[in-house]
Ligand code: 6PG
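In structure tokens, one chain follows: the form predicted alone.
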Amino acid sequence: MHKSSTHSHSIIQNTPEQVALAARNWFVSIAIMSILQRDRCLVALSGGSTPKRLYQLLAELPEGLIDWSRVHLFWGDERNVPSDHPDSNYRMVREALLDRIVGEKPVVHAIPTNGNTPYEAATSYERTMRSIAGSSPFVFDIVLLGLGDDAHTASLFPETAALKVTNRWVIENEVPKLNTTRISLTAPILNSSRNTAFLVCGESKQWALGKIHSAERNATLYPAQLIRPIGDLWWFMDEAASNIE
């Protein structure tokens, strides 16, 4: 798909539910292997309806299948709202996954939006990530991403300043068309991943998928083109989304 060392895989299912089930099985296998090999699994989570269903399915796994105490959860992006706000990505994950896991819980690293400006939240989150990395490179084992109808991913929106940032891991990104500022991981740290998965469902995603896979390379207009992980890139799609020209 990209002219890079990234290996790309496409998994196409009939329905969004089947997409979520396929992504769950993929997540489980990688999480177990990561814990066996490195004694932990670092995960970046996405917002959105298909990831939400994935999280619900993960919460229903038999107790002990994944050693959740070895799983560190991060957020790929967050809205500038308190953690209990209906629009909070953290709240969605808490309700879909964290509150429903039986037994050991994951290690949670939420973006600290409560009482902080977007800049303060971003810089604090980067400090947290760098402290966890220590002297070693920070490499996610799993990065989950959605895809907007406009080809944005995480909170990397078309024609926003964050797209050109290479010296920060987390950025406060002003999004004029939404009249808001989001907190987002930047492309360089998102690409520091052994396994990255886009979860894409619905006919409305066809245009964005077509642009990302086209020969036209313009990440300013199609930010998801920036995603070129050091490891494998997986596309979990339903038939409606994948039917592109």
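Residue numbers run from 1 along the displayed sequence. Note that the structure is predicted; figures quoted are calculated from it, not measured.
The following text describes the form predicted in complex with the named molecule, which does not appear among the structures shown.
Contact of residue 158 with the named molecule in the model of the complex (heavy atom, 4.5 Å): No, residue 158 sits far enough from the named molecule in the model of the complex that none of its heavy atoms falls within 4.5 Å.
Residue 196, heavy atom within 4.5 angstroms of the named molecule in the model of the complex: Contact check for residue 196: no, nothing within 4.5 Å of the named molecule in the model of the complex.
Taking heavy atoms and a 4.5 Å cut-off, does residue 141 contact the named molecule in the model of the complex? Residue 141: no contact with the named molecule in the model of the complex.
With a cut-off of 4.5 Å between heavy atoms, is residue 171 one of the residues that contacts the named molecule in the model of the complex? Contact with the named molecule, no.
Heavy atoms within 4.5 Å of the named molecule in the model of the complex: which stretch in 159 to 167, 107 to 115, 144 to 152, 121 to 129 meets that? Looking at the partner contacts, the answer comes out as 144 to 152.
Judged by heavy atom distances of 4.5 Å or less, which residues of 28 to 63 approach the named molecule in the model of the complex? 46, 47, 48, 49, 50, 51, in sequence order.
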